[in-house]
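Here we start with a single chain on its own, the form predicted on its own, put down as structure tokens.
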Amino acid sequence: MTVTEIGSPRRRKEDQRLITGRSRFTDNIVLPGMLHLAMVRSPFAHARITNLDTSDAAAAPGVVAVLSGADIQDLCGTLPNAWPITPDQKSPHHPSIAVNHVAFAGEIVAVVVARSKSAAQDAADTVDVDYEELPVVLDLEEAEKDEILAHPDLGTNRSALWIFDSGEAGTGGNVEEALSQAREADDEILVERTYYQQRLIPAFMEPRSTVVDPTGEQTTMWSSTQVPHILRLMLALTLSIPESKVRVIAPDVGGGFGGKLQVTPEEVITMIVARRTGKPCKYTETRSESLMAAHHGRGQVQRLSLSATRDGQVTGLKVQLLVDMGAYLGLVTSGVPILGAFMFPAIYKFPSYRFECTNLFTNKVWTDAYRGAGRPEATFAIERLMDDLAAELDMDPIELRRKNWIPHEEFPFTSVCGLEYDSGNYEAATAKALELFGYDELRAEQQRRRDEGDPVQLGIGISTFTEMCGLAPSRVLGSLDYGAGGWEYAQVRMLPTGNVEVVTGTSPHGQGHETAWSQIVADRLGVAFENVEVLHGDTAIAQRGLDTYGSRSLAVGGMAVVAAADKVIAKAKVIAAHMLEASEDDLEFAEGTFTVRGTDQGVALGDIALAVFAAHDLPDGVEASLDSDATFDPDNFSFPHGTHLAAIEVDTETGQVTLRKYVCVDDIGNVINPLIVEGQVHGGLAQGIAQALYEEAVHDESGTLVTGSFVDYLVPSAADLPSFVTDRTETASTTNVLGVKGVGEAGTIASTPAIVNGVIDAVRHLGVDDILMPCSPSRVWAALQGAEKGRGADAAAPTVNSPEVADRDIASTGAVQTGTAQGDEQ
């Protein structure tokens, strides 16, 4: 029987323990004599620490120690930033515990160590800190002026300026010439827009937690991290501990979304305290601490200029970004917008392109990777801009996209950024999506509602996207000054029983690696799916790896598994030939058995493994092991794509937005497990739709996080979302033999512009061409009122196109609404 595990909708192996309460998360770990930590955090976004009195806390019952920044500053250096994007990048010292100066509300100023969690928390409340408040800079456009400085000692808020110009790179023309031509020629058009990416909070299901045990030969850390290998390396470097003396274990981890791709102050502090006291220590953040002090994502002002001919052919794209770094640089903070730099041209054939990003410091918690990391921001901007161009030209937005996208027969295609897109078929995905959506019928209904003046208008949102997945090519990362490579590691062990152990350097936090990797190995080696065990997330077991982020696990980590399995087959072939008394050249391997070509003689891989274990009769010079390991470093990224369509109803009397129908057709290359793919798409859609309609990290004018609980930070539930219609086309990637591309971020990247385009499309004919995210009822209502006033004054229709305009309009109309989660203004 032919083994066909790849492509089968296998239920996930890991779900047996995850959904029956048999999993073990970091906070479940209890060690004898364990101490507990509580953090004292600054309530001010910018201040000098003038006095820190820990005497009451130190005398509190159960307290073992209270440490300030001064107490540990000699033990640890600055927290790492692994991606300095320019040689002159400015980076403030990033202490684990602040010394003298705090730069965001929530920054740690002291840590209390006690014999119980409650004792530590109670004592933390008694630490007396005197602050001298300093002016804060929170807004990016204000930060650009350098009038108030987040770090006065730096002399500027600018961290770095990074530029890509296709004319200078030789990958395209001069964009300034294209824009100038469009500005002056009658048969061309220039569209200029400013879009805003609000700050988002990863809001992972499991808050961050760390346990450190210093009592063994190694210091062992359990952490709810998605990067145990990177964390081990950075802890060794930061704390000057030999790497061999640090073991990091990521047990079951409840979500990450990039938010656990970090070396956190809390991890460093827990390590220091454990090593200093000689006792196991635990720190688990509260939900409020998680929302306030775990890094945030997004945060951009996007200024765009697009030139095109009047018949809809794009000629140039210029992007200028202001990017919110927050108060410090995290592990890859400064590089996140660079990942987006290569995705602004998206699926379109731009002849010229220029990208500039200015990274700015503000007095808020630092930003870093958040699901998609740069690519959702880029996709949002270009898909909004294409809709705006279509409106200016009075063209159907689908037709405009068809006119400019890369036809499938032109792949591989080198983009204006110099990236080579390996494969794709935008026509097929779009055609399938339009059919499933009922595009023509919905357009007809939209026109009917407009003609009838229906108070509930219909909008159709479109997003045709591509993304850059499989973050790996080490040479490419090196050319962008990233501080590490992108390879991945795997080991395949053949056990005497015929079972197989797979060790992977990727470290899942809910993606289903144990199942997918088992399917790959089952097919590759011809063993039963159930007989494969996947080990991960422990640097003592998976001694090498670069972990999980950027939709790289399958396209890079899965390929490392394939390479290791192929080495097992190669080693087994030598022994099989010896056992069968045949030439290796005469052997065939299929479904787990070597056979002599043209005969019925054969030997199964499991029998070879047992023979290797016994080692009684091996060929001369052959080692008694089939175990093999491999690393994989692809030559190129992979490029999933898809078409997402949303039918949006907008109540023009209340501003209420209702997502009526959502259809997406994604092309993620070959599929290992359709069930896992379906789940990842659904989760991604929810996260992208949340940015469009619900989520926003809001700070008050002093820099305090207003959305510091789930009462205020609106994470949608399943009840807030419709049943999605999902489907696929499959165009195999040519950058790996599995033909896979990556799916973890697709839904998030594509859905946000689809939703916002739909909202705008519903009310554009009423004079609204922009609404800030999240498109809450109050913001939609304010935009409609603004447009109405503009028409009454016979003036150009005003739009809600900046946070200031939005706040002013909402305040003047008193339109802040309360009630349902969907209706709350954040």
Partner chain sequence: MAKKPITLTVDGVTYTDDVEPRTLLVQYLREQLGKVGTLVGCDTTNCGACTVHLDGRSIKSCTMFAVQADGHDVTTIEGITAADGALHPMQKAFHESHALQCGFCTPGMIMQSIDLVNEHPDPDEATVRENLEGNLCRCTGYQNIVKAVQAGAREMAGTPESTEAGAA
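Positions refer to the first chain, counted from 1. Nothing here was measured: the structure is a model prediction, and the numbers come from that model.
The discussion below concerns the form predicted together with the partner chain, not included here.
Annotated contact segment (heavy atom within 4.5 Å of the partner chain in the model of the complex): 116 to 124, selected among 595 to 603, 273 to 281, 116 to 124, 315 to 323. Not one of Thr86, Cys417 and Ser479 places a heavy atom within 4.5 Å of the partner chain in the model of the complex. The closest non-hydrogen atom of His682 lies within 4.5 Å of the partner chain in the model of the complex. Among heavy atoms of Gly485, none comes within 4.5 Å of the partner chain in the model of the complex.
Put simply, Ile569 is far from the partner chain in the model of the complex: not one heavy atom of it is within 4.5 Å. The partner chain is not drawn, but in the model of the complex it has no heavy atom within 4.5 Å of His93. For the options Asp607, Glu649, Glu501, Glu678, the residue carrying a heavy atom within 4.5 angstroms of the partner chain in the model of the complex is Glu678. Contact with the partner chain in the model of the complex, judged by any heavy atom within 4.5 Å, is made by just one of Thr215, Ser625, Thr658, Ser709: Ser709. Taking the partner chain as it sits in the model of the complex, the stretch 278 to 314 comes within 4.5 angstroms of it through a non-hydrogen atom at Thr286, Arg287, Ser288.
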